[in-house]
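Taking the form predicted on its own, here's one chain by itself in structure tokens.
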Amino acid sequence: MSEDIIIVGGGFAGLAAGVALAEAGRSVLLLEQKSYLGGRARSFQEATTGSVVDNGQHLLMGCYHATLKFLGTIGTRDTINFEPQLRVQFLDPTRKVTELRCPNLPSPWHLMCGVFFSNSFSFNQKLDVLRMGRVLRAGKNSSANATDRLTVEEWLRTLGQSERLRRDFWDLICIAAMNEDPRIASAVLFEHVLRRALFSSPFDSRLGIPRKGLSDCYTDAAVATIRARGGQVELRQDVRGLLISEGVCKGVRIADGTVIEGKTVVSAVPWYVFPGFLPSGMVSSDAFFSRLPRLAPAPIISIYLWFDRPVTELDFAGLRGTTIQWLFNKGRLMGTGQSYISLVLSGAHEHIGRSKEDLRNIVLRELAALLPEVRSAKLLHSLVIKERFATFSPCVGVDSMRPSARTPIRGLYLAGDWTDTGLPATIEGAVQSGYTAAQMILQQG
């Protein structure tokens, strides 16, 4: 059996590559090990409640250009609801709801005016944010201010950002965008995120929330697009190795011993899975692949709670002074009529070892301090999802560990949010990586 292009992995990266190549007229065979598509960005029906639950809550932004192109191509862009402008509400233990709402003005005035008129910041904090805006708009880069050698926390300190502002604003953005503690995360990556997301245009700053389960936003539609152009998508195909001989990749080997030959192979699996596909000794002996084991994981914990009554009217909010960082009112967002919420704990190194019961109890105590309605509501059900390998850790110097899409092995390409996209591990990074791999293949002819 011989194929034109074999793609291994059916998450955002693999499906984006498959759609792009199929749209360009190439014959595609996509193989996924599991019985479902979506990888770490998927949804499923929770058994007890019947609710559609995401494996981890995701926010999109207007600056997700590759993702919006992908969703537009497969016809599901309308599954993401974007606010007309950047709008974020915050909760703190004083039970005061504050808001950052940015008007539709040219950048950076949309953000500057939004901050200036927001009740989420003190006067001095507003001056700090404006100072940060001037730094980013001045075009200072990592070579000028040594950002590439600093953590996010160190960088923010050098820019005079107060501890309170860091904790209540910049840290929330950092953890949400990068899934890492600001004391660990790379400042150069965070700087890039801020420029792109907040200081580019009002359109790019908008937040988008899926109104369906995440899988329903893209998996079936992407498969339909690939198949409509003559491609194939097969589940439960456990690829165990690449057929590499004399510096050329000639296909893949399945767990049952089946060999599928192909002119080109795109590996779109996580960084901790891919080295197992290579011949013995290649990871340690080849400079290109030897960087991969240096990538470390960063965990995410998602906690879902079902109550007997609504506990908040907010769609979503950033949480200040708590262990958890973001709250999503899932029943309201998805229009199910159920009173259930999703809570996110990103960069959860210190908490991943806690029991699910302990995590649930911590969250309930914190919610009771934030939302009085929680105290009188009855908890009907809870679900705690731990993703120990949710993303790679975007630590200082991580860019030197991330490989390009083109490998030294002829006919072998890489895709995934962990490849050298210039972005943290996000949906946008995954889709962009798939497009990059597809473009390189098409350029090769």
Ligand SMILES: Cc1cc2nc3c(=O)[nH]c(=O)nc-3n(C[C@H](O)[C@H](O)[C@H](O)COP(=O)(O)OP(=O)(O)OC[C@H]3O[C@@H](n4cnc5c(N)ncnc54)[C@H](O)[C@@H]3O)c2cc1C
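Note that residue numbering begins at 1 and tracks the sequence as displayed. In this text the structure is predicted, and so the values were computed from the model without any measurement.
The same protein also has a form predicted together with this ligand, omitted here; what follows describes it.
> Taking the partner as it appears in the predicted bound form, which of 232-240, 148-156, 361-369, 114-122 has residues with heavy atoms within 4.5 Å of this ligand?
Looking at the partner contacts, the answer comes out as 232-240.
> Could you check which residue among 174, 327, 265, 268 gets a heavy atom within 4.5 Å of this ligand in the predicted bound form?
Looking at the other structure, the residue within range turns out to be 268.
> Pick from 403, 62, 56, 411: which residue has any heavy atom within 4.5 angstroms of this ligand in the predicted bound form?
Only one option qualifies, and that one is 56.
> Is there a non-hydrogen atom of residue 66 within 4.5 angstroms of a non-hydrogen atom of this ligand in the predicted bound form?
So residue 66 does not count as contacting this ligand.
> Would you check, heavy atoms only and a 4.5 Å threshold, whether residue 427 touches this ligand in the predicted bound form?
Answer yes; at least one heavy atom of residue 427 falls within 4.5 Å of this ligand in the predicted bound form.
> Heavy atoms within 4.5 Å of this ligand in the predicted bound form: does residue 416 have any?
Yes, residue 416 is a contact residue.
> Mark residue 300 yes when one of its heavy atoms lies within 4.5 Å of a heavy atom of this ligand in the predicted bound form, and no otherwise.
Within the cut-off, so yes.
> Any chance 13, 277 and 390 all have a heavy atom within 4.5 Å of this ligand in the predicted bound form?
Checked in the predicted bound form: all three residues contact this ligand.
> Could you pull out the residues of 17-35 that have any heavy atom within 4.5 Å of this ligand in the predicted bound form?
The stretch touches the partner through 31, 32, 33, 34.
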